[in-house]
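In the form predicted on its own, a lone chain appears below as structure tokens.
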């Protein structure tokens, strides 16, 4: 049992160090040697547990994606056609808000990492589609039930805009802090979420709830 615990601890140390460094410098800006130095382990252990750097990168993404997707799926499955678009958006966005606010510092790094990945075509298929498409499609299917007169492509566009708002929010870049001269803070995720849900709901209704468009 002791060996197993040590092995898991080593993997977690490597994953945590990788997450922080990938979030800060990107995939290409970090070497396996730099990761293992930060984790305090031998380089050979990273190769042993994860293999090439790409495999380690995917393991970093999957670790929290699984937890996030489970929470989102559970929340979405509690809703039906009688639910409001606000409830759907809340079910999709609140799990990330909760984890980023109260799930520990690793979720802050994860938010920045996902922002990088989502804005790079390089990772669209291998990361975003494979890890996040199933729950995204569940959300989209629920929107079609709640807003049944929507043109299908308008639902996809609305989801596209939702992702843009989420990615900017959870990256916590500090841009709004500087622009507002401190009136708004990118770290106030609870406040942001309370404003983001009705904002996005209005957008969904504006382009999805007026019948099919050309």
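Treat the numbers as computed from the prediction; the structure is a model and nothing was measured. Residue numbers count along the first chain shown, from 1.
There is also a form predicted in complex with a further copy of the same chain; it is not shown, and the following applies to it.
- For the options 45, 145, 32, 165, the one in contact with a further copy of the same chain in the predicted complex, meaning a heavy atom within 4.5 Å, is 165.
- This chain is displayed alone, yet in the predicted complex one of 71, 129, 101, 79 has a heavy atom within 4.5 Å of a further copy of the same chain; that residue is 129.
- When contacts are judged by a 4.5 Å heavy atom cut-off, residue 141 does not count as touching a further copy of the same chain in the predicted complex.
- Although the partner is absent here, residue 38 sits far enough away that none of its heavy atoms falls within 4.5 Å of a further copy of the same chain in the predicted complex.
- Using a 4.5 Å cutoff between non-hydrogen atoms, residue 105 does not count as a contact of a further copy of the same chain in the predicted complex.
- Taking the partner from the other structure, a further copy of the same chain in the predicted complex has no heavy atom within 4.5 Å of any heavy atom of residue 12.
- Heavy atoms closer than or equal to 4.5 Å to a further copy of the same chain in the predicted complex belong, across 187-201, to the residues 191, 192, 195, 196, 198, 199, 200, ordered by sequence position.
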